[in-house]
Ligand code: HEC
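Given next, in structure tokens, is a single chain: the form predicted alone.
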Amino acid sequence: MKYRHLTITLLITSLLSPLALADAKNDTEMKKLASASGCMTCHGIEAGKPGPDGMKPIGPAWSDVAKQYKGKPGASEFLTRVVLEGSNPYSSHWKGKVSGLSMPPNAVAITEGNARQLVNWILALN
């Protein structure tokens, strides 16, 4: 009975290992995409890191973005548009939390497909 339990545990672990590796590979790919597209200039992944000269960060941490939009219908499409077209400095819900006034348009730095992929990765962060 013990061996059967151990065999089942090993089987499940071996089946799930590629999924864990796929997530780690995806994380690496998304971080490379974000860096190459200039996103990391203003954004970080984890909350609580200061911006330049100890000021508030320029843009919100992606973990905060994930929390803000978790479960909201249309979040992926909305944020993809924000990445590509920029945001309105007069209606920012990040006001007072970041030092940047608005997000500039980034359509010259990242394709729509890559922006969507990055946004979906950000929304999946814990």
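These numbers come from a predicted model, not from an experiment. Just count from 1 along the sequence shown to find any residue number.
Although not depicted, the form predicted in complex with the ligand is the subject of the following passage.
Met30 falls outside the set of residues with a heavy atom inside 4.5 Å of the ligand in the model of the complex. Of the heavy atoms in Met55, none are within 4.5 Å of the ligand in the model of the complex. At the 4.5 Å threshold, heavy atoms of Lys67 stay clear of the ligand in the model of the complex, well away from it. Under a 4.5 angstroms non-hydrogen atom cutoff, the ligand in the model of the complex lacks Pro50 among its neighbouring residues. Heavy atoms closer than or equal to 4.5 Å to the ligand in the model of the complex belong, across 28 to 58, to the residues Ser37, Gly38, Cys39, Cys42, His43, Ile58, ordered by sequence position.
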